[in-house]
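Next up: just one chain, as structure tokens, the form predicted on its own.
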Amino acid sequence: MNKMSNSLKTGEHWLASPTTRVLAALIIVFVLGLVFNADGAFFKWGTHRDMLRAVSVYGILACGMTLVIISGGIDLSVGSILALTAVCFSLFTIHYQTAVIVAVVLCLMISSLCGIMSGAIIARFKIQPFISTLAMMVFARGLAKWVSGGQKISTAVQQADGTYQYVEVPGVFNFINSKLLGDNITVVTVIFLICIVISYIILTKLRYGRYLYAIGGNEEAARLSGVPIMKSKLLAYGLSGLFCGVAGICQAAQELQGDPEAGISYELSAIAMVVIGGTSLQGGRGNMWLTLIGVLTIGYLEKILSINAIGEDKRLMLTGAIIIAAVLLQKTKK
């Protein structure tokens, strides 16, 4: 009886493992793809390559979102900061002909500053992350529209006499859209994987990563233990803004323009990927590699629905349902 009891406990522990649940979700979605393969489209490598390309921008946002959620916060402004960065990057590279490295640095500084502002308000004035980042979401979106004049920043450049002159697409746009390794993987996917590795190093190899876990687990206990709460929160939200900047640059390159309306509801997808990856919305628990599996799960689900001609309205409803299911599963497996 004792052996049977121990076996049952071991099985329950295995099922309660976040890694097991996340992998199970990905396997279930993948099997659905094998069944509903859209006349064999799911069996072609191009389908998987395109899925990785499509999900990479969301995945980059999920990197920053993971850091923020582990610290016990949330960031609703990622889509708006992405749009602001996309507009600024397009202005710098297309209209102003700024050197690429200068444009990249300026855009990353702008996006990081947006994140730091949110973190400062949260840490200094004790404003709830939901409220602070909601305010930044509105502010950054308005700033993107103001900077762009409410128009998409494209290769059609308005002249002094009111006419438009078309210019060439900047080389950096073509580079980000290009494919590597015999056209088997896109540059934007490589950028996403680099962001995953950087986030992993921050969480596991640097003391600030441990600080984020400590703050998310129990902020008061972390403060009494000497953890620099304000600096750590500034780091978390600043890095989230930085990743938004990277995602915004990639978004502009993929669309060949800077759209002030880009990124709407992207925060929903980023949060879904992080939560499905097993990161607790209460903070203190999470893993970057599991976030990667969450990104793949959502990516494959979106691709399967797409190749089977399922409308975007149903995809959004399904994403919302998945978030609720993932959170409920976290609560029941504690």
Partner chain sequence: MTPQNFNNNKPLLRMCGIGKQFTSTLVLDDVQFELRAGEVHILAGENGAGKSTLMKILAGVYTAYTGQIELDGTPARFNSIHDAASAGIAIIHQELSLVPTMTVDENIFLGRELSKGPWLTKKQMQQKAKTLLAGVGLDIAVSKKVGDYSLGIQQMVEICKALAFESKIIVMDEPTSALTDVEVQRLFAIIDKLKKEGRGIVYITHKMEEIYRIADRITVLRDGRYIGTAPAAQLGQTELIKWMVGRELSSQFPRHQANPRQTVLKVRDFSVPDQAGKPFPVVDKVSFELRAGEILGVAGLGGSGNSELLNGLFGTYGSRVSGTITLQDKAYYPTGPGEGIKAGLALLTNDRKATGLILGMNIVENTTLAALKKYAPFGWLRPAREFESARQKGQSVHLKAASLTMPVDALSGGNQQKVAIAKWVDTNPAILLLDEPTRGVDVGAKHEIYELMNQWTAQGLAIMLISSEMPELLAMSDRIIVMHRGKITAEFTADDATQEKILRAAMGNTDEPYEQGSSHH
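Numbering follows the first chain given and starts at 1. All of these numbers come straight from a predicted model, not from anything done at the bench.
There is another form of this protein, the form predicted together with the partner chain, and it is not shown here; the text below is about that form.
- Residue heavy atoms within 4.5 Å of the partner chain in the predicted bound form occur in exactly one stretch of 185-193, 210-218, 71-79, 244-252, and that stretch is 210-218.
- The contact with the partner chain in the predicted bound form, taken as any heavy atom within 4.5 Å, belongs to 225 out of 159, 97, 225, 128.
- When you look in the predicted bound form, the only residue of 151, 177, 155, 204 with a non-hydrogen atom within 4.5 Å of the partner chain is 204.
- Remark: residue 49 does not count among the residues lining the partner chain in the predicted bound form, judged by a heavy atom distance of 4.5 Å or less.
- Taking the partner from the other structure, the partner chain in the predicted bound form has no heavy atom within 4.5 Å of any heavy atom of residue 44.
- In the predicted bound form, no residue of 165-188 lies within 4.5 Å of the partner chain by any heavy atom.
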